[in-house]
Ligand SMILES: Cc1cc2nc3c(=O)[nH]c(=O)nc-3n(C[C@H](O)[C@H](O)[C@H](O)COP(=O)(O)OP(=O)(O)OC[C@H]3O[C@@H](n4cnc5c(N)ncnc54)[C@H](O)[C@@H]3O)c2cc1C
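Below, in structure tokens: the form predicted alone, a single chain.
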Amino acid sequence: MVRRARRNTPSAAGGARLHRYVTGPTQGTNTVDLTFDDAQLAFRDELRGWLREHGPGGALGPEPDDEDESFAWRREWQRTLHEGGWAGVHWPKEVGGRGATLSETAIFFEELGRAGAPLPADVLGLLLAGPTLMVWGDSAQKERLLPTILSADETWCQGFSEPDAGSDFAALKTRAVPDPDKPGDWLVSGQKVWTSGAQYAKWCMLVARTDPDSGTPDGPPKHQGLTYFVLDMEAEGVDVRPLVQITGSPEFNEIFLNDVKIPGSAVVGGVGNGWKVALTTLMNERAGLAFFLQVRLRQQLDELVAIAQRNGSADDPIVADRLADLHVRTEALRLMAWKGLTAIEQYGQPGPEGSLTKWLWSETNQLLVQLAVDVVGADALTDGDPWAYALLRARGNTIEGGTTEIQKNIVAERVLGLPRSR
């Protein structure tokens, strides 16, 4: 088992810097101006000052390696963010957020990564559940659930993927049937898989099939007849089982549901409308994360360049060429992230271009950690070394969050306009 090694500090000092953190466009309709306006500069500088005072290495101390202790640490980190007014920067002020613009939200995630700070403990609640409830939730759901997301008092997981319904989300088989003993309520049975943070979550964004005829030869299409629920993970009949990864970490889980009672008040967006509600969740899935990940990728690359210069690997033309390729990829990822933000500002919602950033990041991160083995040497395969964990964890990058094959299909059909394969 390879223990998780943390990297909560910026890249090593002394190495050649291939990039300076000068990012952040003021968007026009057809161009991306990679400069900050005065308001964005003020937002960035305020955030940088706060992170210097309250960020990692302060009162919280270093993040522990133990999985449970790490989660508790990141929960406290989110509470620190919340107390400082930074937990839900993109949430409207009327629900406890900061009301940040899209560009300011991007700046937040870039600066978080730049400071070596981790994501909040309930990143799924902040980025997925909260925004979905703001669009589709009723007043009681918003009043009850939104405040505890910001404070991390209650955290969330996402119950979408199933053993036979991963990339083909509409093929899910988990079923919800009316509760015969309590009209209006539901009994849910089925299985979900690859559920991040389920062992800590209080709530789950659960989608189940409420129309048994949907997806059958004589019934409506399979994406119809789905309903979006808020599932209490402490309810009777919910069984969470860890899935230990190649890294030795139980990062994901299986959830088994056996006649779990869900009240009618936990339906989000109406019965049978789950597909539309779920699309809202999926459109927010990568909101902000591209900016956080591209900064972390840059930091890792800078660190690898510094190591290569110290041990002489950079003098090898093949290694130098691979480092240059990673530099170009990382810069392309940064620019595509800002280009995608421009599209959101222009059209009001994320577009298919987001698949490009996910695809590029996944492959670039894998290429980087593979090169690290050649540059660092045997230490990169040693238990406890940060590169060893990064190498093993990167294997899942092209699977999680939508496989690379699915991303390529989206790009082909919705960006390039090529015909569907079937």
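We number the residues from 1 along the sequence you see. Note that the structure is a prediction, hence the values are computed from the model and not measured.
This protein has a second form, the form predicted together with the named molecule, left out of what is shown; the following refers to that one.
Listed residue that, although the named molecule is not shown, lies within 4.5 Å of it in the predicted bound form (heavy atoms), from Trp77, Trp186, Trp136, Phe160: For this set of options, the contacting one is Phe160.
Candidate from Val193, Leu145, Ile344, Ala266 lying within 4.5 Å of the named molecule in the predicted bound form - any heavy atom: Of the candidates Val193, Leu145, Ile344, Ala266, Val193 is the one lying within 4.5 Å of the named molecule in the predicted bound form.
Segment assignment from 292-300, 322-330, 160-168, 77-85: heavy atom within 4.5 Å of the named molecule in the predicted bound form: Looking at the other structure, the answer is 160-168.
Heavy atom of Gln245 within 4.5 Å of the named molecule in the predicted bound form: Contact with the named molecule, yes.
Gly55: touches the named molecule in the predicted bound form, heavy atom cutoff 4.5 angstroms: Although the named molecule is absent here, Gly55 would stay clear of it in the predicted bound form, with no heavy atoms inside 4.5 Å.
Contact flag, Trp73 vs the named molecule in the predicted bound form, heavy atom cut 4.5 Å: It does not: once the named molecule is placed as it appears in the predicted bound form, Trp73 has no heavy atom within 4.5 Å of it.
Contact test in the predicted bound form: Gly396 vs the named molecule, heavy atoms, 4.5 Å: Yes, Gly396 is a contact residue.
Heavy atom contacts to the named molecule in the predicted bound form at 4.5 Å, residues of 250-271 in sequence order: Just Phe252.
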